[in-house]
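Given next, in C-alpha cells, is a single chain: the form predicted alone.
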C-alpha cells in the first residue's frame, strides 16, 4: 500500500470513528461530488465493515449543477422535490448519520444570475427545514470532511497541472486534519481535549457581551443568558460523541439575536454557493443588518440578506486564534470549512439551539425571547486577523481580555 493510500484509508477511518462515530446497525447518508467516488467507496466499505446497515450516497455533479442553475425554468428552481426532502427526513428519523464530503468550486456560479441562485437556495432550505433540524439540534451525528475537487485545487494552485494541484491540496488536507500524525486518532482526542478546556473556561465566565476591535471593525455582541460555548467534539441527544467539522479549531456560541451593534469587516473571501463575496462590511443595530457594502459579490450578499428576516441577524459567534494550523498554512482556501477554522468568524442566520441551556426543548416563541435566531440559512464568514482584539464584559460591567492581536489573552492563554 502506498503512503498516499494509507493516509486515505486513515482519513476514512477518522471520518467514521471520530467524525460521525458510527454505531453498529446504523445507516449513513453520504453527500459527495462524483469526482470523490474512490474515496466514497473506501468510506462505504469501512462503514459496512463497522456494522452499518446501509450506506445511502447522494452524488453531486458541478457540470450538471451549473447547467441547471443557468438554464432551468424558474418554476424548477423555485420548487425543491418534496420526495427528496421526505426521503432524507425518513432516514434522519431512523437515526442515519450524515457525512458531507465537501470540495466546492468557489467560482462555479460566478456568471449565473444571483437571483436565480437565491431562488434555488431558498427553495431547498424551505423543503429541508425538518431534515436540517435533525442536524442542527444534534438529533443525529454528522460531519463534514474535505475532498480536493479538481476545480477547487486549481483555484488554490492555478499554476499547477490538475493532478499536481490535487496532490498538493491532499497534502494540506491530511496535515490540517492530523492524518499525518503518528496516531491520528490519539491526535484528535488530544485536540478535542484542548478545545474542551477553552469552551469550559468560557462557559464559566458567562460574559454578558463581547467587544470586537480591529481595522474596519467595532462591534458589540450580546450573549444570551445561560449561553453554552461548544467546540471540538459534540454529543448527540442519544449521548454519542462526534466531531461535526473536520477540521475544527473553533469554540462557538450564539449571539443574542437582538443584541448586536456596530460594524464588522470581513477579512477573507466568503464563498456563498459558487459566488465569492470579498472585502465586505456589515453594520448592525439592535441585532439587524441595516447597511452593507462589498467590493465584489455585493448582489450575492444582498440576496443572502433578503432570504428571510433571520438572515439579517447573527446565529453564531466563533473564536479561533491565528495560530491555527489552517492560518499557519498561509493559504486562503476559498472554502468555509477550512477558512472558518483559520479565523474568528460569525454567521448570518440560524443559531444552533444547543448553544443555550434547554434550547432544543424551547418553543419558537421561547427561543425568540431568549435571543435564539431562526432562519433558512446559516452562513459563516471570517472576521479574524492578527489585528483583532476582543474583550469580554462581565455582568458587573467590568472587562476582561479574551483576544489580543488575534490570539488568546489573559486567563485563556493558560
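Residue numbers count along the first chain shown, from 1. Model, not experiment: these values are computed from the prediction.
Beyond what is shown, the protein has a form predicted together with another copy of the chain; the following relates to that form.
K.L.:
Is residue 156 near another copy of the chain? Define near as a heavy atom within 4.5 Å, in the model of the complex.
P.N.:
No - in the model of the complex, heavy atoms of residue 156 and another copy of the chain never come within 4.5 Å of each other.
K.L.:
Evaluate residue 67 for contact with another copy of the chain in the model of the complex, applying a 4.5 angstroms cut-off between non-hydrogen atoms, and reply yes or no.
P.N.:
Residue 67 belongs to the contact set for another copy of the chain.
K.L.:
Please determine whether residue 63 contacts another copy of the chain in the model of the complex, using a 4.5 Å cut-off between heavy atoms.
P.N.:
Judged by the heavy-atom cut-off of 4.5 Å, residue 63 is in contact with another copy of the chain in the model of the complex.
K.L.:
Indicate whether another copy of the chain has at least one heavy atom within 4.5 Å of a heavy atom of residue 201 in the model of the complex.
P.N.:
No, no contact at 4.5 Å.
K.L.:
Using a 4.5 Å heavy atom cut-off, indicate which stretch of 51-59, 347-355, 374-382, 360-368 touches another copy of the chain in the model of the complex.
P.N.:
The contacting stretch is 51-59.
K.L.:
So another copy of the chain isn't shown here. In the model of the complex, which residue out of 115, 90, 298, 328 has a non-hydrogen atom within 4.5 Å of it?
P.N.:
Contact with another copy of the chain in the model of the complex is made by 90 alone.
K.L.:
Scan 162, 185, 237, 72 and let me know which has any heavy atom within 4.5 Å of another copy of the chain in the model of the complex.
P.N.:
Selected option: 72.
K.L.:
What are the residues of 102-117, in order along the chain, with a heavy atom within 4.5 Å of another copy of the chain in the model of the complex?
P.N.:
Residues within 4.5 Å: none in this stretch.
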